[in-house]
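Form predicted on its own, single chain, as structure tokens, below.
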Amino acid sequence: MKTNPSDKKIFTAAVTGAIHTPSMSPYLPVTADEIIADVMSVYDAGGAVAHVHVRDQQSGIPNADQETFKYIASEVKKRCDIILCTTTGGRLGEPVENRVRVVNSLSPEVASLNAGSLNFALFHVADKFHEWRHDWEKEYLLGTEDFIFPNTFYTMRKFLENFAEQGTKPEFEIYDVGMINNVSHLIQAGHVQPPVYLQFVLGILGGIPASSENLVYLLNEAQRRIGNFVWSVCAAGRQQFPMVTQALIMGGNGRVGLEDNLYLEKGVLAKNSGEQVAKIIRISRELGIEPATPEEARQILGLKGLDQVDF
């Protein structure tokens, strides 16, 4: 019997991010070619979407270099039809005007859009490491004790104008419950049309903790205030697999990847994001849930298609 795409679930992997630093894992992709290889590991494992940040090729510091984005996106497109979700978060401290440039440069099918400001804190992680490959790493982490990740209503509105011009679907990153109200306002003000795509991000210091009760609360609040949406869950660190599994049971989609968690299991570093995708798909199949292909994910999310990107 043929399965309806809407019965399947979208598995995303965030492959490098702007949180972890090279000293934390030898497997964290840094160069463009390493990021491409990680995206391909996601595709080969059955993932439908890869969420992409870029980094300086030598130091590994996150940035928003447009040539690197373009190279990664075009090379991946040559090899497979995976959906690329480009970040508009960039590195912590990236000027706001730089963060949205990738939407205009690449016209991607989908890109992240952070749904509010928060104290995005990583400083507490620095004490766990005593040797650093690069001078910037410890300072980068410690600096977040006095850092606000800015996503004002003005910023969100202007970003959405760029998204609309390019036909790019926003993936709203929801770090706390107030951001659901922010998205509701953006819909009511006519800045974005439902159905919207929500990514619940759990376990960041400064955002909502990763717990079963909080996930239920977020979903219930979104149903009350937004109503028409597709949703997914990611969680920091060791809560990654438990929270994504709960999301699948509750009818949602899931995100894994080295941006969110460096480990495959306790004490075992993941060698690539594809290993995590393979694990969560194995878990999902034990629950009778099949992964969506990239093309099926495009249907579920209502994306414009790979033939309409600019890379």
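Bear in mind that the values here come from a model prediction, so they are computed numbers and not experimental data. Heads up: residue numbers just count along the shown sequence, starting at 1.
One more form of this protein should be noted, the form predicted together with a small molecule, which is absent from this view; the next part is about it.
- In the model of the complex, no residue of the candidate spot (Tyr43, Glu75 and Leu306) has a heavy atom lying within 4.5 Å of the small molecule.
- Using a 4.5 angstroms limit between non-hydrogen atoms, Leu92 touches the small molecule in the model of the complex.
- Shown alone here, Glu109 lies farther than 4.5 Å from the small molecule in the model of the complex, counting heavy atoms only.
- The small molecule is not shown here, and in the model of the complex it never comes within 4.5 Å of any heavy atom of Ala292.
- Although the partner is absent here, Phe123 sits far enough away that none of its heavy atoms falls within 4.5 Å of the small molecule in the model of the complex.
- Between 124-132, 109-117, 187-195, 229-237, the stretch whose residues reach within 4.5 angstroms of the small molecule in the model of the complex through a non-hydrogen atom is 109-117.
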